[in-house]
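Just the one chain here, the form predicted on its own, laid out as C-alpha cells.
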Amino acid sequence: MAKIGFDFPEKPSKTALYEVEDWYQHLLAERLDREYQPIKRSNFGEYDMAVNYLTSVLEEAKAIEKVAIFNIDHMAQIRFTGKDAVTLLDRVLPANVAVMKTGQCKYSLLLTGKGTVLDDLIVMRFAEDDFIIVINAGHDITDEARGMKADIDVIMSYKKDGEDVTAKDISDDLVKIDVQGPLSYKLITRLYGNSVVKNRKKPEKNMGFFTFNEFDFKGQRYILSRTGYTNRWGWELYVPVQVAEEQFKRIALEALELGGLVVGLGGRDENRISAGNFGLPLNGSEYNPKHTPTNCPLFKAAIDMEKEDFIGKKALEKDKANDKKMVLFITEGIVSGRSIYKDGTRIGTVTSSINSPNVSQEKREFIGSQRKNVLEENGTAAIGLGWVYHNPFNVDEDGKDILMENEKPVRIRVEFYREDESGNPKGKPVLGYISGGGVNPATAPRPLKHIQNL
C-alpha cells in the first residue's frame, strides 16, 4: 500500500498561527509594559513551537486558574470514511469504537503488536461511516530511514482487501486552538454564542464531557469538543484555516480581558502533569514503543479489555499481572534524568519533571525541603511523573489504590538521585514524595453549571 504520511521535513514546519503569535508577543509587551523579545521556541514533533511567550513558563502555567489558550496546530487530524471505516478502527484501536455515538469523542491509544505505545489520540464520530482521529505532532510523518511511520499508514496497513475505507490527512484545513480553565465557558460563549456549548440532542442542557458539536460562524464550519490537555474544564476548537489568524486574535484578546494568557509548551506540560490525582501521561515521555500502558492513569479510559480483539491485546493480557505503576510526585526541584529511590533502594525512573506555581504551600512544606523558593508564601515546587517497578500504594478489596487514609491523602517520601555509569546513586538527592492526592483536582468531567455563571 502506498504511503499516505508526509515526508520528513527539511526544516521544522510552522503552524498556521506562527506569524500571528508575533502579533500576540507585541500585544503582551504593550499590555504588560515589558520590552518586546522574540518568542522562545523549540522543535517539537518537527514543528517550530513556542515554549513560552513574553510571559514566563510559570506565569503561563498559572493561567489555568482563569483561562489558558493553546496553539495546538502542530497536532494532526485524520479523516476515515467508508462503510468499513468503523470495522477497521475497531479492529486496530483498543477503544470500543463500534459503540460510539455520533457526536461522541473517545480517548485511545495506537499500540504495537507487543502492546507498547505508538501514539495516544482522540477519536470523534461524525456519522456511521465518518470519523476524525486527532493525533500528536510528528505522527503524520513516514520515513523508513528514520524508523518513522505515520499513524495513518499504521492504521491503513491493517485494512483488508475489499474493505471500503478512505483515509485522508485534513490537518491543512483545520487549525486547533485549545481553551482551558474555569473561564473557558465565558470566553467561548462570548465569542460564538451560547448554543455552541449545548447538548446536540437536548439543547436545554449543556454538552457532556467528551462530546463535540459542529457549528457555523460567519459562513465557516467549526468543530468544538469538550476535551483537552489539562483535565480541567475546557474545550478544543477546530477553526477553518481561512479564518484562523482572525479567530486566534479574537480568542487571545478575550483571554487577556479575562485575566488569562496564551500558553506555550512549558505551561502546557505543567498543566498536564498537575491535573488530577495522577496527572496525564504524554506520548514520547510516559508513553513510548518500549513500555506498555499497563497501570497508567488512563488505561481503562483508553483500552477496553472486554473487546474481542485489537492490536496488542494478547500482549496486554500477558502483561496484566505486571505490578508497575505510573505515579505523580512533588519535589523540591527538577528531577529530569534521575531515578527514584525509597529507603536506599531504586524503585523507578522519572519520565517528566517541571517547576510548578500551582502546588499549595501545605504540599510544598510536606517535602521537608530547606529551599527558600519552596517554602515562601508564593513559592514553587517541581512536579513530575514516573514509572515505578511496583505499586507503592496499598489496595482495597476491589483492587483499587488506597489514596486516602484518615481523610488525608497518602504521601510516600522518596528521594531522586543521579546515577553513575554502573547505575549507583551519586551526589546529593532531591527530596520529594509520591502524591496520592495529586496537585490540583480534575474538573473536566464535572457539570458545566459550576462555571457557566462565572
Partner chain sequence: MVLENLFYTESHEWLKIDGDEAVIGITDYAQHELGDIVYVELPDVGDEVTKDDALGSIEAVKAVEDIISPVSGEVLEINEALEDSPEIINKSAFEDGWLIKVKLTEKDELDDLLDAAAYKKLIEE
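These numbers were taken from a predicted model, which means no experiment stands behind them. Residue numbers count along the first chain shown, from 1.
What follows is about the form predicted together with its partner chain, which we do not show.
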| item | value |
| --- | --- |
| Residue among Arg250, Arg346, Arg371, Arg79 with a heavy atom within 4.5 Å of its partner chain in the model of the complex | Arg371 |
| Among the candidates Ile354, Ala150, Leu110, Ile188, the residue which, in the model of the complex, approaches its partner chain to within 4.5 Å (heavy atoms) | Ile354 |
| Heavy atom of Val51 within 4.5 Å of its partner chain in the model of the complex | yes |
| Leu58: touches its partner chain in the model of the complex, heavy atom cutoff 4.5 angstroms | yes |
| Touches its partner chain in the model of the complex: Gly333 (any heavy atom, 4.5 Å) | yes |
| Exercise: Lys428 in contact with its partner chain in the model of the complex, heavy atom 4.5 Å | yes |
| Contact stretch among 194 to 202, 216 to 224, 354 to 362, 154 to 162 - heavy atom within 4.5 Å of its partner chain in the model of the complex | 354 to 362 |
| Heavy atom of each of Gln104, His450 and Asn453 within 4.5 Å of its partner chain in the model of the complex | no |
| Heavy atom within 4.5 Å of its partner chain in the model of the complex - qualifying residues of 393 to 419 | Arg418 |
